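To begin, one chain is listed below as structure tokens, in the form predicted alone.
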């Protein structure tokens, strides 16, 4: 029988294989935890959960110039897939996609209950949701990387580093 802890541990192991750091914290400590890992300037999208907030140093609803200057971006992750160490990053009206893709460092906030064991469970979750809402998402596994021209280069099409902050 697979437990919630087993699923978290499997996600943590797979994410670590892609150099993704995980930090567990309580909701009350979330702004301080995020603030400690950010490089500024930082942009982000409001977190969708009650009681969860971003540090004051994170600019939400950034201008194109603020987005261009940002080093870090903070967004929620709707889901994580333990078997792949992947995050599901939903498109949001608050602009989560640019804050997660156009920065060197992405900090994703994830609720532990939103870690599913495998891709079948992920498709079941977001398939129904996206059919109802006509929404979309990116499935991101680790930092952006390419080896199109030879050696592996990180940050070619997105963040060079990814941190995941896991809350209960």
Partner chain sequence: MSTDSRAAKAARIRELLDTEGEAVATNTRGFNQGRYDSVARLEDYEGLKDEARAIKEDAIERLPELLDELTETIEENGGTVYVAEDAADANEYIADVCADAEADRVVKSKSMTSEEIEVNDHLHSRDVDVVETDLGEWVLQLADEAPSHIVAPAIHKSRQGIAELFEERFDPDEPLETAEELTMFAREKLGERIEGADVGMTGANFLTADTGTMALVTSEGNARKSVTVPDTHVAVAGVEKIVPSVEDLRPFVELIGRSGTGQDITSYVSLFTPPIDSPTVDFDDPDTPITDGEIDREFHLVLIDNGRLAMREDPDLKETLYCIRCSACSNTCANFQSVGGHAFGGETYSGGIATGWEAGIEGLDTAAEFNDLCTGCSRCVEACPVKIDIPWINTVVRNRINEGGNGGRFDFLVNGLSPDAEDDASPTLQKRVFGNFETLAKLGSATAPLSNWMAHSRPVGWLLERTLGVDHRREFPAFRRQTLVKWARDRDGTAPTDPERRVVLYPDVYTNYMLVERGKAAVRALEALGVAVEVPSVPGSGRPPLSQGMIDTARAKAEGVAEALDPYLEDGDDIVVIEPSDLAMFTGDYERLLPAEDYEPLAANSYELIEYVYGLLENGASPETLSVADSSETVAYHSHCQQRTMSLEAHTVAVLTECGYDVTTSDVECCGMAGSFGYKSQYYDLSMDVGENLAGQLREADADHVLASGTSCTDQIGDLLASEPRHPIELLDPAR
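As the structure is a computational prediction, the values presented were derived from the model and not from experiment. Residue numbers count along the first chain shown, from 1.
Form predicted together with the partner chain: not shown, discussed below.
| Among 34-42, 136-144, 49-57, 107-115, the region lying within 4.5 Å of the partner chain in the model of the complex by heavy atom distance | Result of the contact check: 136-144.
| message | Whether residue 26 contacts the partner chain in the model of the complex should be assessed with a 4.5 Å heavy atom distance threshold; does it? | response | Taking the distances in the model of the complex, the answer for residue 26 is no, it never comes within 4.5 Å of the partner chain.
| task | Give a yes/no on whether residue 16 approaches the partner chain to within 4.5 Å in the model of the complex, heavy atoms considered. | result | Contact check for residue 16: no, nothing within 4.5 Å of the partner chain in the model of the complex.
| Quick one: is residue 86 in contact with the partner chain in the model of the complex, heavy atoms, 4.5 Å cut-off? | Taking the distances in the model of the complex, the answer for residue 86 is yes, it comes within 4.5 Å of the partner chain.
| What residues in 41-66 sit within 4.5 Å of the partner chain in the model of the complex, counting heavy atoms only? | Residues within 4.5 Å: 61, 62, 63, 64, 65.
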